[in-house]
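We begin with a single chain expressed as structure tokens, specifically the form predicted alone.
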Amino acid sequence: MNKSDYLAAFLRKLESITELSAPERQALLDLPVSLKRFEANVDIVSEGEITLQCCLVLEGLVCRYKLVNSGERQIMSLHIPGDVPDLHSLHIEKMDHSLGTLTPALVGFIPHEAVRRMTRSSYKVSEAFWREALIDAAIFREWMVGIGRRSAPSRLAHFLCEFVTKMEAVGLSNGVICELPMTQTEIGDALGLSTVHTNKKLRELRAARLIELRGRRLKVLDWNGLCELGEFDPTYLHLRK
């Protein structure tokens, strides 16, 4: 595939939250992007680094995370193809967390200066990036509520609903089936649960015939039931209808 094919994921993501004209789409496709492949479980950018470029996820699954002194990890967000997980680095250059891969991944690096030139020349693109950053913050708030106040089954159900909804928005799910390339330990790291507890709650969701999970393949058997358990309302994702 050529660069435009890879950047199509970026356009799909932005167009899931805002409307872009043909010239704006072309300007985004013309951004200078250098591609790099990463193995699973490696840092793309580490906490404390000074960054001069934004990372665009093109293939694979990426996460933001922090480690505590005990070595335990808290995953703070997941990022799928089309996401720019460090858009904030345009204005906050020193990373206060790490950005790492959960699976083998292809990442595009876009120089900050190129992004700044584009946002100065196109109010609509600047608005799209600002909207992306605000939605990212909305997702953080929802995760905070989940970890702080939802029960473990509700937290897990909400997590799965959000993941399927985001994957469907960029054409990587039909709303029922999608790839979920995460171990139970990684899911636990995202939800603040132990691996044992995560395994137990996944079994409960299977037993309730809400989901089917075989290897990396997630199938939602009862979408309404899963949403009800997770108290999931996709309004905070601000997706275009």
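Start at 1 and count along the sequence shown; that's the residue number. Please read these numbers as outputs of a predicted model, since none were measured by experiment.
Below: the form predicted in complex with another copy of the chain, not depicted.
Novice: With a cut-off of 4.5 Å between heavy atoms, is His88 one of the residues that contacts another copy of the chain in the predicted complex?
Specialist: Contact check for His88: yes, within 4.5 Å of another copy of the chain in the predicted complex.
Novice: Taking any heavy atom pair closer than or equal to 4.5 Å as contact, tell me whether Glu142 reaches another copy of the chain in the predicted complex.
Specialist: Yes, Glu142 sits close enough to another copy of the chain in the predicted complex that at least one of its heavy atoms falls within 4.5 Å.
Novice: Please check if Val68 has a heavy atom lying within 4.5 Å of any heavy atom of another copy of the chain in the predicted complex.
Specialist: Contact check for Val68: yes, within 4.5 Å of another copy of the chain in the predicted complex.
Novice: So in the predicted complex, is another copy of the chain close enough to Glu113 to count as touching (4.5 Å, heavy atoms)?
Specialist: No - in the predicted complex, heavy atoms of Glu113 and another copy of the chain never come within 4.5 Å of each other.
Novice: Can you pick out, from Leu106, Met167, Met76, Ala152, the residue that has a heavy atom within 4.5 Å of another copy of the chain in the predicted complex?
Specialist: Here the answer is residue option Met76.
Novice: Each of Gly100, Glu162 and Leu213 near another copy of the chain in the predicted complex, meaning some heavy atom within 4.5 Å?
Specialist: No: none of Gly100, Glu162 and Leu213 comes within 4.5 Å of another copy of the chain in the predicted complex.
Novice: Partner absent here, but in the predicted complex, which of 33 to 41, 186 to 194, 55 to 63, 204 to 212 has residues with a heavy atom within 4.5 Å of another copy of the chain?
Specialist: Partner-contacting stretch among the options: 186 to 194.
Novice: Does anything in 120 to 146 come within 4.5 Å of another copy of the chain in the predicted complex by heavy atoms, and if so which residues, in order?
Specialist: Those in contact are Arg120, Tyr123, Ser126, Glu127, Phe129, Trp130, Arg131, Ala133, Leu134, Ile135, Ala137, Ala138, Phe140, Arg141, Glu142, Trp143, Met144, Val145.
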